[in-house]
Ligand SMILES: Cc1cc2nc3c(=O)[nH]c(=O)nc-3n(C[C@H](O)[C@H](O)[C@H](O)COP(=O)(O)O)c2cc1C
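Given next, in structure tokens, is a single chain: the form predicted alone.
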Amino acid sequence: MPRILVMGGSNSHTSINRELARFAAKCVDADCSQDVETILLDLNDFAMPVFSVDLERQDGIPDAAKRFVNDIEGCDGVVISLAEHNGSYSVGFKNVFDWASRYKVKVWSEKPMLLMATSPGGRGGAGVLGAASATFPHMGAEVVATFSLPAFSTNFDSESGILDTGLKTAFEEAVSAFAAKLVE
């Protein structure tokens, strides 16, 4: 049974990106030719001091960063939806990512990834999705598919999922590509 690690790239308890990532995980399970075990990660479980080389020299790499990397290593794929703050990663995600990369440069451990972003606005997290699409492969991610959902509250319903037919089709294609990669 494939195991997927699922997370939203925000430390907000009401994260729309966490909601989209969890919805995608259910769709991956439904689309996959076999059952999928879902491991839900919450960035709040990886609270660490703000990354600094001085802190690293003084105290070493926090155990939370090691746990994050170990969680990734223990799965067969990653589903992540990134929050966009001022055109880039949220500070909560960036801090975990920075610490984890000091423990293991290839943070994503060559795992297949469904990479997404959503936002309340019309760009759907396009800035952070572009940054991650360019960076994550150098950090060990095999980005199988990407998906951006603009205007989250207009285009998503917790019961029905993605409402816009064009966006729904693009989402389903991304999920199918990721699901197929999981069972190769």
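Here the structure is a predicted model, which means the values were calculated and not measured. Heads up: residue numbers just count along the shown sequence, starting at 1.
Keep in mind the form predicted in complex with the ligand is missing from the figure; the text below concerns it.
Contact annotation: S176 falls outside 4.5 Å of the ligand in the model of the complex, judged by heavy atom distances. Taking non-hydrogen atoms only, S160 never approaches the ligand to within 4.5 angstroms in the model of the complex. Although the partner is absent from this view, G87 contacts the ligand in the model of the complex, with a non-hydrogen atom inside 4.5 angstroms. The closest heavy atom approach of S148 to the ligand in the model of the complex falls outside 4.5 Å.
In the model of the complex, every residue of the candidate spot (S10, T14 and A83) has a heavy atom lying within 4.5 Å of the ligand.
Residues placing heavy atoms within 4.5 Å of the ligand in the model of the complex fall in a single listed stretch, namely 113-121, out of 50-58, 113-121, 35-43, 63-71. Heavy atoms closer than or equal to 4.5 Å to the ligand in the model of the complex belong, across 36-50, to no residue whatsoever.
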